[in-house]
Every structure is written in C-alpha cells, then in structure tokens.
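Just one chain follows, in the form predicted alone, and it is written as structure tokens.
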Amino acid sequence: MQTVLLTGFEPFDKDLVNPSWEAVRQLDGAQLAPDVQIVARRLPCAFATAGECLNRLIDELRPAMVIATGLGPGRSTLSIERVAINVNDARIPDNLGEQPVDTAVIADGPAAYFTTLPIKAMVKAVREAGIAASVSQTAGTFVCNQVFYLLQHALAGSGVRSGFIHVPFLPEQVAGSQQPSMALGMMVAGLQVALLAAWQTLVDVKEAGGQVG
C-alpha cells in the first residue's frame, strides 16, 4: 500500500479552528486509489517546530506524494501554490510567539522552489467538479510558505512529488464580515479531487493560470 501524506495546520492567531486541518482530517484513511491511502497529519503553526514535524512524518511514512495545506485568509478558492520562497517575514507571531522578519528559511538555500505537482491539471479537475480553484503565485511569508519551502527542499531530487494548497476560511469563521469562505464539505471534496488529479497526472496540462500585475 502506497501512502499520500496530507497535512493541515493547528489553529493560530486566536482562531479556535483551522480549516486546513478540519478538511484534511476527514480524508485520513481514505483510499485515493486501490493501492493508495491518504494519511492526514496536523502540523504545529510554529517556525521552530513545523519543519521538524514534517521531516519526521516523511521519514516515518515514506510517502509516495506529499501535499501540505494551510489557511489563506481572504482567499475564495482552493489556491494551488506554484512557488515557495526562501524568506520568513511574519506579520504576526506564530504559536510559540516567534516573529521572524526578513530571515531565510534555509541559509544559503535556493531563492525559491517550484512545486512538483501538476497544478494546472489539479485546478482544472477541481473546477470541473464545480468547486472554485486557482493557481496561486505566492504562498505568503508565514509558516505556510516555510513548510512549503522545507517540503520541496526535503524531497528535491527524490522523485516524490509535493506541493501546497491554501484553503479559505470556513463560513462560521467570517460570519458578519465580507471575507470570502468555503463550506467544509466543498473544501473536503475539492481537496480529494485535487489529490486524485495530482496522483493520476504525470504531465501537466497547458492552460493559462497566470495573473496580470
């Protein structure tokens, strides 16, 4: 049995839930294919420990594919990330009170790592399922980007494909505000479609997914 590792984050910034974990936990143990099982795990929202936790999971599970997820405040779609950059620049403290500003994720590491997932095919599949999805050109500069960068660094050259997806708020998190959100059931369904497309697609499709400005 092959394993696909799917991670979400614990709550942060005074929120009681993190939709990334609430969604991925529902896929724990699901069969992605007859010989492929999803294993969902939660990461701490802390610069000092998230990467260590991720590396332990990779060493323990020896996954055939890894997709990390996190909350993207203000986003209205499942945002499939293209690139992680070698910068920590935290607008708020993490859950351990750390707030690195303009530091490197890895000293002397590459400026950036690109995802090795077929992101255009994933977006296409999710949209065809009637769920909002898009290619994102930035994973931010908080713990999400750090985990994405460390994930790509850890698996570089291994042949194990990996990447990152940002999810919106849950409706109950933004009730009474104008911020976008997505129902949990739709989020779970979209992630499952995205994972299946990632697993089945060896060569990405050629479709416009960029941005102007």
Ligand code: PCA
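Numbering starts at 1 and follows the sequence shown. Source: prediction; values computed, not measured.
This protein has a second form, the form predicted together with this ligand, left out of what is shown; the following refers to that one.
Judged by heavy atoms within 4.5 Å of this ligand in the predicted complex, the contact stretch among the candidates 109-117, 125-133, 96-104, 138-146 is 138-146. Contact annotation: Ala68 falls outside 4.5 Å of this ligand in the predicted complex, judged by heavy atom distances. Taking the partner from the other structure, this ligand in the predicted complex has no heavy atom within 4.5 Å of any heavy atom of Leu151.
This ligand in the predicted complex is not approached by Trp199, whose heavy atoms all lie more than 4.5 angstroms from it.
The partner is not shown here, but in the predicted complex the stretch 15-54 reaches within 4.5 angstroms of this ligand through a heavy atom at Asn18, Ser20, Cys45.
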